[in-house]
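In the block that follows, a single chain appears as structure tokens, in the form predicted alone.
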Amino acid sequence: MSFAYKLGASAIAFAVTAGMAYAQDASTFWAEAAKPYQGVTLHGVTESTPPSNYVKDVLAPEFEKLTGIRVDIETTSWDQMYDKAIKDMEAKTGIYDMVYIEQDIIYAYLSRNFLVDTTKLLADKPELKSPNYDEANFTSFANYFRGENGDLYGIPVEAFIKTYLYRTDLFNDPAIQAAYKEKTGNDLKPATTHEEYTAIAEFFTEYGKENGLDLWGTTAQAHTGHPASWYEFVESIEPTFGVYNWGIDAANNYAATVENGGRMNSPEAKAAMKYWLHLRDIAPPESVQSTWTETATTMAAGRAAQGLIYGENAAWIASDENQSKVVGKIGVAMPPLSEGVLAQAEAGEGYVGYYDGGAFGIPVTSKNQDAAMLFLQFIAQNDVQPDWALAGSRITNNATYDDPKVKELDAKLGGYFTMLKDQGKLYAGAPPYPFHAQVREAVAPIFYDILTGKIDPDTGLDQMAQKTEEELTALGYRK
């Protein structure tokens, strides 16, 4: 879910050169293990994101040099990636040997037995096991890709939190600080509450108008016909108001309505919706057509003073002068929260925002499962991670945090990687719902009607909660 990032020739050359040391050390294993698969071409499909483009442009060619196994990675849009992968697995056509699995869809795939158990595959075929591969190397994010048996069904390729980015050049400007103080009576600093965030957003939108600037107070991932807007609301906005797991209580017969014990149409959810819609109305005009891609480009273009941005975009926004006008001007902070939310997150009873990411899985329909397993082990090694982190702001292996180059970039990012390491536990991925896509599609038309003003927010959330319970009843979850 992010802006497509294309590595330049110099970056690829640097990364490949840096990787030669590990390649030389491991070459004996890779060459020997790959002998049975000479002439094989692996096919993978993924979204065009910074981490995935790094796999295609850097890691796949290096793996081919070591093994003779060609890897063709198809990078495409999020909706096309999902559509192609699931249709291939449903039809059992075996087109793809690797598919990108978003954290929020893994539970649906597991319930349909779409994926190879990689832990079991390596246990059954020890000759395929690389000496440099160890599941213990992964951060806790890998646990989202484990089945009920504890085995791993996906090899993590990206993991990041959706964080609060703000413009340090604006927030630290003495003249702007004085103007904000005069207008609000408060000091200008990153918001910790929704009221503070709203005040800052309103101030900068007005400041931009008064000074003839191409500047607004916030981003908003508020597309009126794309799932990205629904994801922003349920995964990034509602949790900050204390509404978790979409407002569905799985332990209470999957209740969604307040009447039955759910929270999808709770007062907190309705407050969250009105807060978010107000921000959308004072955000740049493209916000009503913005997905996870456009909010990043809006921030990079310097059109917003602050915003909630997927962490995989943080590095290029903060450091790539070819794509960003705000290099060296970005700070990171936790999102604004309602009272009690942080305490609930620290106690493991809630979360402050979305821990996003994905993994490569091997479909059970793949005709080249063993060769694919070799490639997934190759990209999971500690040695390949640092440059990958620089290219895509993603960290999936614990050792990556300690790499000097990663620490250097962390400083430029205002401590984003440190936040991921130290506070990542306060964020959470999507709830483990195998009915994820069905509920999303059932309520999406109502949600879009709220965004376009066809129905008021309170009525819309009431209808969404009722529709969710109807859908879960039809699917057999509500009894």
Partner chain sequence: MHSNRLGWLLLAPTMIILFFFGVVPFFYVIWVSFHQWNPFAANPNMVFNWASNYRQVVFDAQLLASLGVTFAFVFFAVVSELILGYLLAQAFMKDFPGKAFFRTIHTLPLIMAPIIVGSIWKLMTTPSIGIIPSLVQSWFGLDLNIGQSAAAAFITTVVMDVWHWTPLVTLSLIAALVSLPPDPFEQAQIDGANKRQIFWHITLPMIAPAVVATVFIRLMDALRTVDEVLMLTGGGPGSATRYIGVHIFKEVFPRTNYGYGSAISVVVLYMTIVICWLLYVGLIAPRNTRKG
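Positions refer to the first chain, counted from 1. Bear in mind that the values here come from a model prediction, so they are computed numbers and not experimental data.
Quick note: we don't show the form predicted together with its partner chain, though the next part is all about it.
Non-hydrogen atom contact Thr452 with its partner chain in the predicted complex at 4.5 angstroms = Answer yes; at least one heavy atom of Thr452 falls within 4.5 Å of its partner chain in the predicted complex.
Touches its partner chain in the predicted complex: His223 (any heavy atom, 4.5 Å) | Judged by the heavy-atom cut-off of 4.5 Å, His223 is in contact with its partner chain in the predicted complex.
Contact between Pro445 and its partner chain in the predicted complex at 4.5 Å, heavy atoms?
-> Residue-level check for Pro445: yes, a contact with its partner chain.
Look up in the predicted complex whether Asn186 has a non-hydrogen atom within 4.5 angstroms of its partner chain, and give yes or no.
-> No, no contact at 4.5 Å.
Which pick from Lys407, Lys274, Lys87, Lys125 sits with a heavy atom within 4.5 Å of its partner chain in the predicted complex?
-> None of the other options qualify; the answer is Lys87.
Could you check which residue among Asp320, Asp134, Asp370, Glu286 gets a heavy atom within 4.5 Å of its partner chain in the predicted complex?
-> Filtering the options by heavy-atom distance leaves Glu286.
In the predicted complex, which of the stretches 64 to 72, 419 to 427, 436 to 444, 29 to 37 has residues with heavy atoms within 4.5 Å of its partner chain?
-> Of the stretches listed, the one contacting the partner is 436 to 444.
All of Phe138, Lys270 and Val384 with a heavy atom within 4.5 Å of its partner chain in the predicted complex | No: none of Phe138, Lys270 and Val384 comes within 4.5 Å of its partner chain in the predicted complex.
Any residue of 113 to 129 that, in the predicted complex, places a heavy atom within 4.5 Å of its partner chain | Contacting residue: only Phe114.
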